[in-house]
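Single chain ahead, written as structure tokens, the form predicted alone.
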């Protein structure tokens, strides 16, 4: 199954709203760190329901915002959810971003980058479209240090890339992005049951669930275009 087919099915089943709710726990903290100035152009890679761009426009007075996704059904839903002429949604490929060189101020991606078929080239494309001084905020829950995420590949037909934190930093640098920051953002909103509720379907112990959400959380890597 292709990425488009997988996410078309999710959108048709209404799963885009569920992803939005779950991702928002840490995505809002990523968005708050982005140095978006009034009028800045923002690109959201793997926009899904478009929630991130709507939030940016509401709180940062961002300029033109573009949500790119490979799923026509996701994009159809995003347009239905959005009442803002300053946000545009378009279908596109992570490996060939449909934007001119030096045309974007900030790139945001939440829980989507690891679906890229050629992640190093996607980073090169991000570097190409960013203006000098522009930023890339790439956030993922599926990464090497988060051992609780490793089994996700077994439940999805799409091949995913599982890099470690150091591998993300190296890939950013290889693509021409200076690494400005990298850290994990804890999810403090997922409710963690008392110890006597374990084991659960997902976790053997309460300690494991605490580590997954309160410590490992979301890996954020921030890059800056230098040229």
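Numbering follows the first chain given and starts at 1. These figures come from a predicted structure and were not determined experimentally.
Below, we refer to the form predicted in complex with another copy of the chain, which is not included among the displayed structures.
A.B. asks: Indicate whether residue 195 is a 4.5 Å heavy atom neighbour of another copy of the chain in the predicted complex.
C.D. replies: No, no contact at 4.5 Å.
A.B. asks: Is there any non-hydrogen atom of residue 178 lying within 4.5 Å of another copy of the chain in the predicted complex?
C.D. replies: Yes - in the predicted complex, heavy atoms of residue 178 and another copy of the chain come within 4.5 Å of each other.
A.B. asks: Within 4.5 Å, heavy atoms only: does residue 162 come near another copy of the chain in the predicted complex?
C.D. replies: Residue 162 lies outside the contact set for another copy of the chain.
A.B. asks: Under a 4.5 Å heavy atom criterion, is residue 35 part of the interface with another copy of the chain in the predicted complex?
C.D. replies: Result yes; residue 35 sits at the interface with another copy of the chain in the predicted complex.
A.B. asks: Considering another copy of the chain in the predicted complex, find the one stretch among 46 to 54, 196 to 204, 154 to 162, 183 to 191 with heavy atoms no farther than 4.5 Å from it.
C.D. replies: Stretch with heavy atoms near the partner: 183 to 191.
A.B. asks: In the predicted complex, do 169, 173 and 226 all reach within 4.5 Å of another copy of the chain through at least one heavy atom apiece?
C.D. replies: Looking in the predicted complex, the three residues 169, 173 and 226 all sit within 4.5 Å of another copy of the chain (heavy atoms).
A.B. asks: Does any residue in 116 to 140 get within 4.5 Å of another copy of the chain in the predicted complex, counting heavy atoms only, and if so which ones?
C.D. replies: 133, 135, 137 sit within 4.5 Å of the partner.
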